[in-house]
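One chain is shown next in structure tokens, namely the form predicted alone.
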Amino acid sequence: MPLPKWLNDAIFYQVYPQSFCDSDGDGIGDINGIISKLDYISETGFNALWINPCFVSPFKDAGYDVQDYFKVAPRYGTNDDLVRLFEEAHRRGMHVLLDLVPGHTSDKCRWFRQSALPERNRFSDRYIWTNNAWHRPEGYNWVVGNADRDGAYMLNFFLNQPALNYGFNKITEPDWQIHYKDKRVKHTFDAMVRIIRFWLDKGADGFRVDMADSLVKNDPNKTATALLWSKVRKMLDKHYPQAVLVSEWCNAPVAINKAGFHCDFLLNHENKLTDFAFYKKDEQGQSRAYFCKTAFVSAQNMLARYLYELGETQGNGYICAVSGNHDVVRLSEYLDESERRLAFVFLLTLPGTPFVYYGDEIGMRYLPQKSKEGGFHRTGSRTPMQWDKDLKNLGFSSAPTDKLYLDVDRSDDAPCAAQQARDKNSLLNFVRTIAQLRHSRPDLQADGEFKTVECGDNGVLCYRRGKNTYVIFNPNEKEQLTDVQIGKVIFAHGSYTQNYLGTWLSPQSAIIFEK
């Protein structure tokens, strides 16, 4: 099946709902707050949203511990509010992905409470239990003594996140492990499909899937897990052909070619593109990121793994480069503003579907704070969106400071959207320019051809998109020479001169041109 057409021109904006915009003054962001900012999102060039989990939860892991997949958490609003968000987004030509957590639930979930009962019932096999409380095999994390059932149950992540049972690929202990093709665990898969269909029927455009490769256990090559997801893809192709699945797998050839995802993330894994380009540091803490002006990193090393995965998946799906997300320290901690401008040119001119984390477009800072809802060090990347320095709490909420989900940046120079919108030289307007350029040029969109022209050890990188659109970078603090001849300039950050030696690129430059 062909990919959904809208995905080719999509630029995603990640919204962390509790920190985005508070419409009712309780100190926590909500769905109506997101609706109120759709025009801002659209005007910035983002025509698709990914919303972090917004379902009923005890919020021990900021919503990734789902208690009820079919109901919006009251702190965010109602199911009707979420449907209205879909409708308002669609009215603006935007699409909305929800966050699906298929590998585990909260231990407060009704499914788990039933599974934990000593009496056999239809949920007994919904989670992974050993055959007695004292049996806790190595290789997994187990909890015992938290239920009357005689067994230990497996965790998928935090202590309060029991693993859902999709079965085992390789059976090593048949007295309690169930094969993934067994009908007893088919009910788990069927339940997840029901959840997907429920929200698609209400207007969602798809899902970003958390820990997508975590379903089947004892599945080292992920073949069984991929098979399950391929069944979901077949269902979508038949009944929801414009719906999209984006995986947190970080192995595009498997996620896209075998599991059937439309897109796969590049983040949170060593030696991936965004790690090399934005975040990488050496053992002494010095930046080895490509876009750091003093790092002098080989472009070839940065791109090696990416080019392989791009070649393997071309035509089947898209690789997603991201500016950051709720699990990593903000981009501004690693790159200064000049470096981030180049990073945005890179992000928005690569093949595939780019994702921008809320606030990165204005340069929000990482703000270390006391851990909130299982955030730990990640909490500093989850602080409220900064809308307007002239408003209380920078426009995030009218609540008293002590009622805010997290505190805002109280610095005098805290970056804010309203002020940057009025400054033609701001980072926000820079991002808007590149985003609109991508929308206006099919060569720069998701499926445009990609070919490296120069990938040198001096850091210079040039690639061609489509038939005649070129992007060239000099990320270094020194002028660099290249053999590439620059044609008609479409966009320039920095400058260049051409003479008999070749083209001299000014420090920290990025130029988009055509021939």
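These numbers come from a predicted model, not from an experiment. One-based numbering along the sequence shown.
As for the form predicted together with 1-deoxynojirimycin (NOJ), it is not shown, yet the points below apply to it.
In terms of contact with 1-deoxynojirimycin (NOJ) in the predicted complex, the residue from E361, E248, D205, D107 that brings a heavy atom within 4.5 Å is E248. Proximity to 1-deoxynojirimycin (NOJ) in the predicted complex, defined as a heavy atom within 4.5 Å, holds among H95, R382, K217, R340 only for R382. Within this chain, M211 lines the site of 1-deoxynojirimycin (NOJ) in the predicted complex, having a heavy atom no more than 4.5 Å away. Although the partner is absent here, E454 is not a contact residue: none of its heavy atoms lies within 4.5 angstroms of 1-deoxynojirimycin (NOJ) in the predicted complex. Proximity of D407 to 1-deoxynojirimycin (NOJ) in the predicted complex: non-hydrogen atoms within 4.5 Å are absent; the residue sits far from the partner. Remark: Q161 counts among the residues lining 1-deoxynojirimycin (NOJ) in the predicted complex, judged by a heavy atom distance of 4.5 Å or less.
The chain is drawn here without 1-deoxynojirimycin (NOJ); in the predicted complex, the stretch among 469-477, 443-451, 482-490, 60-68 whose residues come within 4.5 Å of it by any heavy atom is 60-68. Heavy atoms closer than or equal to 4.5 Å to 1-deoxynojirimycin (NOJ) in the predicted complex belong, across 327-348, to one residue only: D327.
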